[in-house]
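Below you will find one chain, with nothing else, as structure tokens; this is the form predicted on its own, and questions on how it binds or moves follow later.
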């Protein structure tokens, strides 16, 4: 069963992203939205290393939320794909289950 995991909390405030990455199984997807998008920005070495270590998991960031926080596409960690709202809906439809990490 494939799962879409959503994380909306900053990795600098909560451990939601770390917990999510620790529980997500191969074939799952992780979508960062709201303040969770900070986890997809280059610059925080510890967070970036955990994101890159997530093998077998597809990583996404909600583009409008990323941009709303003043982040540009060149700040996106390699391997993370930016999606729009329609892409979010597509991801939810593609997976059997959606798990929200708060």
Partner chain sequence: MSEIKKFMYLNRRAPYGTIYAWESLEVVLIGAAFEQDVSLAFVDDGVYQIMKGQDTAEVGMKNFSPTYSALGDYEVTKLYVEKESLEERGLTIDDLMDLKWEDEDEDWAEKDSIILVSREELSQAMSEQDVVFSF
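Keep in mind that what you see is a predicted model, and the values were worked out from it rather than measured. Numbering follows the first chain given and starts at 1.
The form predicted together with the partner chain is left out here; the points below concern that form.
Hey, in the predicted complex, does residue 77 get a heavy atom within 4.5 angstroms of the partner chain? Contact with the partner chain, no.
Would residue 56 count as touching the partner chain in the predicted complex under a 4.5 Å heavy atom rule? No, residue 56 is distant from the partner.
Find out whether any non-hydrogen atom of residue 73 is located within 4.5 angstroms of the partner chain in the predicted complex, and reply yes or no. Output for residue 73 is no: heavy atoms all beyond 4.5 Å of the partner chain.
4.5 Å heavy atom contact, residue 60 and the partner chain in the predicted complex: Heavy-atom contact with the partner chain at 4.5 Å: absent for residue 60.
For the stretch 55-86, which residues lie within 4.5 Å of the partner chain in the predicted complex by non-hydrogen atom distance? Contacting residues: 64, 65, 67, 68, 69, 70, 71, 75, 85.
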